[in-house]
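Next up is one chain by itself, shown in structure tokens, the form predicted on its own.
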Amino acid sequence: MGLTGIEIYKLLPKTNCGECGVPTCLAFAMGLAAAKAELVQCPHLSDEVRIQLAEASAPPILPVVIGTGESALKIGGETVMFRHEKRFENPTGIALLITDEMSDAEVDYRLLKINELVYERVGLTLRAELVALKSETGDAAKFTALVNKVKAGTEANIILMSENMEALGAGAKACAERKPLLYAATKNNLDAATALAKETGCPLGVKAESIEALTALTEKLAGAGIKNLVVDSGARNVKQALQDQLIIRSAALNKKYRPLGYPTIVFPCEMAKDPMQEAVIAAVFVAKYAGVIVLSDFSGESLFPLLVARLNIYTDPQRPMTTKQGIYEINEPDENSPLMVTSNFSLTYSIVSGEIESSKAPCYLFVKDTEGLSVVTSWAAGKFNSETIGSAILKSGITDKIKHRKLIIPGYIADERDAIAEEMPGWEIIVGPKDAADLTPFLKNWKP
């Protein structure tokens, strides 16, 4: 951040209109300075001021979006070297490699993997977000056919890989509306890659044989107005690639060196021949500090640990993990199934929902927003009591799903039973077990 909150405030219209979501321009300026607000939130900035502030408020590592819509992958935007300093912003994207030399059956099998290897953990969906399509043959028509097949077969975001600009251009035009990452611009095709990036509006990967050569390319591209970049130092052994990641990150954050202020892409698929070894290497670069990782292949047993490692690293250490408030249907409940309530601390939700699933009992589980606190802690803080629980459940729409009027509360808040009953006239409040492990025998005795 080049400007302080006060310096930004001096450039704002000072209308205090509140249209940005905060009551005053000063509060908005402080939000911009802390990277907690975005310029697009202010509708009254002049074009001149917007350009000035955009440059000054840009994070040291520029964000890049691959894809469109809700499934788009955002990488970069990082502001710290170590997550305990603040947090890491945008999780590393994981890509599965598909080439135009593969048979249709192999391509179908890999699309099946990218679509079906999806996991639920602590209320979150974990998956690989990208397919990397590589033109091995250099045949533009063959590459275009692969792009069209993949585009029809998955909603995953796309990386197009070829240094042959004819093939890369044909692939880009076949899926330009999906905003793929175009990889790669090199010293040999820089002008053609620049023109293609401008024509399609897609992010551009940049590859060089060293960090020094990489900075020369990014400076030329920035001078041509192309800043939506993902960079590759060209290293293909683990030691050199890791060293390059550290240099790039440190130069961007600590030295404010803009030519290296872009997210990176690394290729474990070119550093090992075994998918399990690739996964181990990939874990290194999830931690230090890849924006995108391309794997030659993966299976459930190699992908899932990698996804969990990424989740742990990119979880904000200063905020508890939470699950969205709402009604969760477990084991296909019907109108006679029990209704239970718990807090939205993700670990609590994960344990309770897991025990309900294991019991095989169809249930409705209402998750109450407690700002990420556990049942006991949120009850002690006044965020999980008769008033908050009763009103939330009555407004949730659960009465349209069940015929009975019975609510099961955690045993740890048994003292709230009578008070909840007062907040929910006509309901029977049942005290459940304190420990989730006791839910299976408890639910066997359920009667609507």
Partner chain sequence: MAYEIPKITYSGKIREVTAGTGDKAITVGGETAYPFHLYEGQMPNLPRLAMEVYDTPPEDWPEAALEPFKDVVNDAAAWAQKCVNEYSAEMICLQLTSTDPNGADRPVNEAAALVKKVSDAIDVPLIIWGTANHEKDIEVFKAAAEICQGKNLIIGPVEEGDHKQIAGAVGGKHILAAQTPIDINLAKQLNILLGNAGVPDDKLIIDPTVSGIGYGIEYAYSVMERMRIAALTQQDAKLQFPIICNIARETWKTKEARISEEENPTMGNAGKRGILLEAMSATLLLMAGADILIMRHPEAQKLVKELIKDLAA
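Nothing here was measured: the structure is a model prediction, and the numbers come from that model. Residue numbers count along the first chain shown, from 1. Between two forms, the rigid core is defined as the largest C-alpha subset superposing within 1.5 Å.
The same protein also exists as the form predicted in complex with its partner chain; that form is not shown, yet it is the one meant from here on.
- For the three residues H84, L117 and I247, a heavy atom within 4.5 Å of its partner chain turns up in the predicted complex in every case.
- With its partner chain left out of view, the stretch that reaches within 4.5 Å of it through heavy atoms in the predicted complex is, among 71 to 79, 140 to 148, 331 to 339, 231 to 239, 231 to 239.
- Using a 4.5 Å cutoff between non-hydrogen atoms, C202 does not count as a contact of its partner chain in the predicted complex.
- Looking at G300, you'd find a heavy atom of it within 4.5 angstroms of its partner chain in the predicted complex.
- Proximity of K173 to its partner chain in the predicted complex falls outside the 4.5 Å heavy atom cutoff.
- Proximity of K187 to its partner chain in the predicted complex falls outside the 4.5 Å heavy atom cutoff.
- The partner is absent here; in the predicted complex, the one residue of P362, P91, G326, P305 having a heavy atom within 4.5 Å of its partner chain is P305.
- Site annotation in the predicted complex: the residue of L260, L221, L130, L168 reaching within 4.5 Å of its partner chain with a heavy atom is L260.
- Contacts to its partner chain in the predicted complex (heavy atom within 4.5 Å) from stretch 203 to 223: I211, E212, T215, E219.
- Relative to the superposed rigid core, the position of the CA of G372 differs between this form and the one not shown by 2 Å or more.
- The two forms, fitted on the rigid core, differ between this form and the one not shown by 2 Å or more at the CA of K360.
- Expansion of the N344-E70 CA spacing by 3 Å or more is recorded in the predicted complex, set against this form.
- Figure legend: C-alpha atoms of E70 and E371, shown here, are separated by at least 3 angstroms more in the predicted complex.
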